[in-house]
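To begin, one chain is listed below as structure tokens, in the form predicted on its own.
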């Protein structure tokens, strides 16, 4: 048998020259993206080292240099070091970080689990399937601040739709307080899952529809039941899409939830209470209401670092699936 000719490995510069036309088309977008993203990031990093507050705001990037003062303050508060008074303004941020972590986990579980179930149901043949697929998209076209307003009325203790249903079905004896106390975080999670469900469902549905039906038919002939077909065919083939969804869920969990939270709890004030306060609303309050711009920048940089760590973990977990052809 004749051996295939061995290909010479091209150097980096040769590959660039070979694809020079593609790089020329990409270059304007690349430069624009670098300007839009890189300059604000560098500016934010430098701002986090300055004592920028209301009294020094006019100085902006010429404000007094404080170095890593705000970073040390945050880490001292996290690990219980330093003076108690010095960490008082970061106590809210630590509580918000804890809430954000729980919020991110539950919103991911909710959107991924329910999205996959809905996608599998919508992939089946049934009457009015087109209408059902259209209705699933409905939460996606509702603006996030409107979603927050809608769920504010749904979760009202007196007269809210949720309590009316629960009382009507005799599931509870007394109305539940949703917008204050420990239930408030889960009220926010449910609203976020409702808003994010259409995108997840559509992504899973698109992935399921490209799976060859021959695989299912062959598995059925071999005696595989529904769960075995799902576990050994559907699940492995949609894993790259699931990995991408987890990444989006992580980013949305850390950076999202602001519009829904401020409308659902505070009517625009941004404070959802101790149990449902998230990092982005907390940083926004520290920055713009207390005029601690340098401190807010440092907190934002720490948030970005936390997210990069989680993205790194995500990449390690799904690296093989993303590289698979």
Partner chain sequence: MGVSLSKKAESARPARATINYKAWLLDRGGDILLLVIIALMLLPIIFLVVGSFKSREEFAVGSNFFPSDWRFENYNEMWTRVKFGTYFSNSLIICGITTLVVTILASMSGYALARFRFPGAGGLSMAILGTQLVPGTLFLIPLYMTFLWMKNNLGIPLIGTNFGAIVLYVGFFLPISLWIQRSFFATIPIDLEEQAMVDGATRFQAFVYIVMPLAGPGVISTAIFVFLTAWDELLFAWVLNVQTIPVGIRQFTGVAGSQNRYELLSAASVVIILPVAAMFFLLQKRFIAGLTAGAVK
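Heads up, when I say rigid core I mean the largest set of C-alphas that superpose within 1.5 Å between the two forms. None of these values were measured; they are calculated from a predicted model. Positions refer to the first chain, counted from 1.
The form predicted together with the partner chain is left out here; the points below concern that form.
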*Name the stretch, out of 137-145, 168-176, 102-110, 181-189, where some heavy atom lies within 4.5 Å of the partner chain in the model of the complex.*
137-145
*Does the partner chain come within 4.5 Å of any heavy atom of residue 161 in the model of the complex?*
yes
*Partner contact for residue 44 in the model of the complex: the partner chain, 4.5 angstroms, heavy atom*: yes
*asked:* in the model of the complex, is there a heavy atom of the partner chain that lies within 4.5 Å of any heavy atom of residue 70, even though the partner is absent here?
replied: no
*Is there any non-hydrogen atom of residue 288 lying within 4.5 Å of the partner chain in the model of the complex?*
yes
*Which one, 317, 21, 309, 10, lies within 4.5 Å of the partner chain in the model of the complex by heavy atoms?*
21
*Since the partner is left out here, which residues of 197-233 would have a heavy atom within 4.5 Å of the partner chain in the model of the complex?*
197, 198, 199, 202, 203, 206, 207, 210, 213, 216, 217, 220, 229
*After the core is matched up, is the C-alpha of residue 30 off by 2 Å or more between this form and the one not shown?*
yes
